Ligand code: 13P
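Only one chain is given next, in structure tokens, and it is the form predicted alone.
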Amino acid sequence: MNDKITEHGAESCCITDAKFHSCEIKGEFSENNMSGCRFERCNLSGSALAESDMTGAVLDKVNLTGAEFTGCDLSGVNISDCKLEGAEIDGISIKELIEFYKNNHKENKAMKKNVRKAIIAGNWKMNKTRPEAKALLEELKPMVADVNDVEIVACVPFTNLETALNVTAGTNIKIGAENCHFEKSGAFTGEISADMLAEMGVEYVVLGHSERRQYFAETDETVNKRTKAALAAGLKPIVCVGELLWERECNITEEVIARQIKLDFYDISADDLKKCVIAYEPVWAIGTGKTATADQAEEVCAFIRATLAKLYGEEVAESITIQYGGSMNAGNAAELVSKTNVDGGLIGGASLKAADFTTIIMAAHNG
């Protein structure tokens, strides 16, 4: 400690990682380092803190009545169950800031639900035989039977489509495919056309997934062609976009995403765009267990919406469902879907377990 704290205050002190319990701390404090300090059941009423570093400080059951924080670093500060009447940060009431955030957050969530429906889509990838698919969907059906404000989709391998359609007939679970070709028919051994899927009763199709781009040489041009073919057949495309880890580290995420959006939806009308879903899936988070933070997901999904607004207008952009894909699971789904521009998820591994998939669906339902 560089100076004594007196009833008159302290200047240029270092008080890192200290713990204050049931203390009365009054006066003026300026240019102090109070990072990591913990204040429990303390009385800081009437105190004035200026130009101080309180990074990571914890204030629990503290009386902050009339306290002022001016020019302070409050990064990571945790304030819980505190008395806040009259407490200000840079002249703005802390209590009013919290109320404003709560009200604005509620309004944003309500607006999001009114404008666009959350969609939780499972992407099974190359998993499940027909008996296994039937068992999983039979287990899932009663778990989500009462959910009517979230679109539930299971995108399954081609061999499971007929089974999945039969098992889910008459339920609130929609079935999607994991890819389709851009031609209606022809000499394309091993491929499935959009018309074939539509004739079966499939509603959704995943296009441009990073694994298709990485392992099967799909490009933005072919994704664009597949999207147009799917739309022409009456399917709802879930079009995937996302950056590589190297691209994020080079700070070009927005350039990559903007390019993909412009190319993947080239020459697609606003009316057709409204039938599409966009899934933001950072490639570095696919199947790695790594997940973009909720703030990172929100930032990119908001950028996608802003890019769509430039291309199609704000009204159209606000109507488009934008999912997050990339290791969304039962543990992080609630935080991710709570964000204004994250309208659901494209779920990989967690969609293969009925309980986990249901937890994610309920996070969207409750959010």
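From 1 onward, residues are counted along the sequence shown. As the structure is a computational prediction, the values presented were derived from the model and not from experiment.
Not on display, but discussed next: the form predicted in complex with the ligand.
In the model of the complex, no residue of the candidate spot (Ala177, Gly234 and Lys275) has a heavy atom lying within 4.5 Å of the ligand.
Residue heavy atoms within 4.5 Å of the ligand in the model of the complex occur in exactly one stretch of 165 to 173, 285 to 293, 212 to 220, 267 to 275, and that stretch is 285 to 293.
When the ligand is considered in the model of the complex, Thr227 lies well away from it, no heavy atom lying within 4.5 Å.
Using a 4.5 Å cutoff between non-hydrogen atoms, Ser327 counts as a contact of the ligand in the model of the complex. Interface membership of Asn160, defined by any non-hydrogen atom within 4.5 Å of the ligand in the model of the complex, is ruled out. Interface residue remark: Glu281 is counted as part of the site for the ligand in the model of the complex, having a heavy atom within 4.5 Å. Interface residue among Lys141, Lys125, Arg248, His181 relative to the ligand in the model of the complex, by the heavy atom within 4.5 Å criterion: Lys125.
In sequence order, Leu346, Ile347, Gly348, Gly349 are the residues of 330 to 356 having a heavy atom within 4.5 Å of the ligand in the model of the complex; the partner itself is omitted from this view.
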